[in-house]
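Given as structure tokens, the chain that follows is alone and in the form predicted alone.
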């Protein structure tokens, strides 16, 4: 029997192609019609594997969350585990910036999202955090990490020095931010992460007292 000319359609192949499309062109480019064209199949054939566009988008988001390393949980130090996890989470979002807005609008039932939540929450509770506090800490870090990936600080500052002359004297170096965009964003993330973890150390001591 002759082999098929194209790889057989599967949910994994569909999700991978959808993620490639979003990475290249953004969320607005994602449609079942466009994806079917990219895969060289008929539109209805996709529905054997993904029920709706929302189902497809959930799968794309979950694929990105599946790139987050969770191997640090459980660990000997809740702080070290959170620190390593936060960096891995940010790296996954940085690799797929066009997906971040969808991650910022969570929907229930995403398997990798639930695994991530279970690992973080479980790691905190096992380390001695009360369950209510562990929930708050997990939410806090998710807000921080997702927010840090939504845009770039330097993007709000034109690289034309004339924009700032006279009207904004304290921003006389702001036109230089664009060329240091990645450095500034990475340093800001690390500064914020350290500040949060330092504060959580104090919080942990207080709730354990």
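Positions refer to the first chain, counted from 1. Definition used throughout: the rigid core is the maximal C-alpha set that superposes within 1.5 Å between two forms. The structure presented is a predicted model; accordingly, all values stated were derived computationally and were not measured.
A second form of this protein, the form predicted together with a further copy of the same chain, is not displayed here; the remarks below concern that form.
Contact annotation: a further copy of the same chain lies within 4.5 Å of heavy atoms from the stretch 180 to 188 in the predicted bound form, the single such stretch among 30 to 38, 43 to 51, 180 to 188, 65 to 73.
Within 4.5 Å of a further copy of the same chain in the predicted bound form, a heavy atom is found for none of 11, 24 and 55. Residue 136 belongs to the set of residues with a heavy atom inside 4.5 Å of a further copy of the same chain in the predicted bound form. a further copy of the same chain in the predicted bound form is not approached by residue 87, whose heavy atoms all lie more than 4.5 angstroms from it.
Remark: residue 128 does not count among the residues lining a further copy of the same chain in the predicted bound form, judged by a heavy atom distance of 4.5 Å or less. Remark: residue 15 does not count among the residues lining a further copy of the same chain in the predicted bound form, judged by a heavy atom distance of 4.5 Å or less. Counting a residue when any of its non-hydrogen atoms is within 4.5 Å of a further copy of the same chain in the predicted bound form, the hits in 81 to 112 run 101, 103, 104, 105, 106, 107, 108, 109, 111. Put the two forms on the same core and the Cα of residue 107 is off by 2 Å or more between the shown form and the other one. Look at residue 147 and residue 176: in the predicted bound form their Cα atoms come 3 Å or more closer than in this form.
Relative to this form, in the predicted bound form the C-alpha atoms of residue 203 and residue 104 separate from one another by 3 angstroms or more.
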